[in-house]
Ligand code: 5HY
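Shown here is one chain on its own, the form predicted on its own, set out as structure tokens.
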């Protein structure tokens, strides 16, 4: 099967890291195609960046005609609902995947994300998915997304400090890493702290593979139905569904 893993920001080094994390857990015979748009924000930190990333994300889906499933590799599940309208292939967001997987192995989990401005979007997603009661707390390490790509950054130290607090103060039994740019840290952090540390990219790949194996497709009845035919005008008209 072929899985397209889309990093909705334009930072190619992060896309390579995400692709490596996806391939590390993919089943034999699964092809991972990791891509990012050519236009849009360099990182997605809040609602404004999210809005500007959507045309590029949808364009990548439109170009991937042979994909069996898609993974959206942004922890805020950027454009997830729109993407499900754009294709009948399964579309898995790494945030939703990680939350569900964490709920299968721990009664309570905490999320450690990048910046404080991401806390409310993550909490709203948890409420939307019906999993807010399973989350002990959403914490921010106050690490800009692009700092995860910088040599010599203290990002890992800050993330480790928040994990320690989550275990000590929140009663967390597992940790969900709240950014695709943290994908390469999960295994080492799990070993350091002795609890499950979940990377959403890995979780989403596993769920996407399962959906394809089961022959599941995105329902086109009502909510995720294809967009109605209409004119899309302006600069982004060429990215509109056809």
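Positions refer to the first chain, counted from 1. Since the structure is predicted, the reported quantities are computational estimates derived from the model, not experimental observations.
From this point on, the text means the form predicted together with this ligand, which you will not see here.
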{"query": "This ligand contact in the predicted complex: residue 180, any heavy atom under 4.5 Å", "finding": "yes"}
{"query": "4.5 Å heavy atom contact, residue 44 to this ligand in the predicted complex", "finding": "yes"}
{"query": "Residue contact check: residue 110 to this ligand in the predicted complex, 4.5 Å heavy atom", "finding": "no"}
{"query": "Residue 118 within 4.5 Å of this ligand in the predicted complex, heavy atoms", "finding": "yes"}
{"query": "In the predicted complex, segment of 203-211, 172-180, 22-30, 61-69 with a heavy atom within 4.5 Å of this ligand", "finding": "172-180"}
{"query": "Contact residue in the predicted complex, from 166, 141, 145, 102 (heavy atom within 4.5 Å of this ligand)", "finding": "145"}
{"query": "Interface residue in the predicted complex among 74, 159, 97, 91, criterion: non-hydrogen atom within 4.5 angstroms of this ligand", "finding": "74"}
